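First comes one chain, alone, set out as structure tokens in the form predicted on its own.
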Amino acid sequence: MRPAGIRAAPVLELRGLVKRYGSVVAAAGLDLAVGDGEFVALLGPSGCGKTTVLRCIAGIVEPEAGEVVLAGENICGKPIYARDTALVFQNYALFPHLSVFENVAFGLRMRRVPKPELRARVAEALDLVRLSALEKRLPGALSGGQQQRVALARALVVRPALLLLDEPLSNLDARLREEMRGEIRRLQRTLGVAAILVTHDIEEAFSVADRIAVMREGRIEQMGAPAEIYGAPATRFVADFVGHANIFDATVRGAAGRGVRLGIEGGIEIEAPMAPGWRAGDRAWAIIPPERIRLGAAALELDQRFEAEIKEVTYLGGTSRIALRVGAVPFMVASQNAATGTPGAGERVMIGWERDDVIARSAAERGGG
């Protein structure tokens, strides 16, 4: 995985990008850099501005201020066809009356690529997406996954400096989405092309991206590698959006060895790693990841352990999600299903975790409340 920093001159830079729709701010002075061969995901809820940012890069939308710099050139004001980018749309946007071959060849024809080279490049692109045998078919005779591969081939055949993907898998079923995530990542790595994916799907972003920019109200709330975004969320918004279940309001009680004691609303006290400058009485919030909580005998060996009552068990095949309560405090636990079975609703069990499993932040930090 590529490190979080850009080591070489970036392929793309967004500098102070601003775009509004009336009172709605879609890009609020946004800065972003994408390195050579890097895969970046813009992740966030509907209305956060991620699609607008992609369209500003593609030339579909012009920003009100700021720069879109591609390969060292500010391309603001350039028409779509003059930008060295290729966009894969959510609905694929294939020409229904053209064959697979002609759909892929379309961009090359617009660029007046000579016929021998055109045929060779289309054949290469179709081979890359494993559709060589279907070049004469019309899009209507293809499955959703095959249509998506045609759209990818059409984008990649022009050899863009930057590949743009606008929620490309949202129309596929769950099995095909998983398959196509791997396909997109394989193609991107094989070609070494820089890419930006727009998505609201956390699993999709985590599975393909080198870095993720979590967006909120036209700004990047946090940017980093997937493990950093999940394991060290900078704000409560990020923690909530990437799916952390056990997020609690807390108050600093005082020091506890190398850590700090936190009072959780609902009546229990836990320990967390110490943060610089914390004092007793400070407001905070804390996360205990569901997958880090141990159940039963495994919890008895831990310093932080509590008796809990199971409220509900949701069976998910290899795993279960278990809703519990420690007094008035709700917890969610992600548990591997063992041959011995999973405890049921109404049973009482011990739960526990290590101090370093707890992620804690000051409520005074940006987005903390």
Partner chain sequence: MSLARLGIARAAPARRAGRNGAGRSLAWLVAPLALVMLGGYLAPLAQSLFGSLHPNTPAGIDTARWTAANYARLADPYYAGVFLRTLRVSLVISLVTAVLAYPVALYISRLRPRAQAVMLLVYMAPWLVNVVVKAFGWSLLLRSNGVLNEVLLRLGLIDAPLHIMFTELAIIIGLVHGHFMFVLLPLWVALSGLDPNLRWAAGNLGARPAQIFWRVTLPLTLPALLAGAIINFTMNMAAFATPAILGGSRVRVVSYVAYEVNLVELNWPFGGALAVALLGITLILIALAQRLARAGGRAATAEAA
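Note that this is a predicted model, so its numbers are computed, not measured. Residue numbers count along the first chain shown, from 1.
The same protein also has a form predicted in complex with its partner chain, omitted here; what follows describes it.
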property	result
Any non-hydrogen atom of residue 64 within 4.5 angstroms of its partner chain in the predicted bound form	yes
Heavy atom of residue 349 within 4.5 Å of its partner chain in the predicted bound form	no
Non-hydrogen atom contact residue 281 with its partner chain in the predicted bound form at 4.5 angstroms	no
Distance check, residue 78 to its partner chain in the predicted bound form, heavy atom within 4.5 Å	yes
In the predicted bound form, the residue from 344, 327, 45, 29 that sits within 4.5 Å of its partner chain by heavy atoms	29
Residue (of 300, 334, 316, 60) lying close to its partner chain in the predicted bound form, criterion heavy atoms within 4.5 Å	60
Heavy atom contact within 4.5 Å of its partner chain in the predicted bound form, the stretch among 69-77, 172-180, 271-279, 115-123	69-77
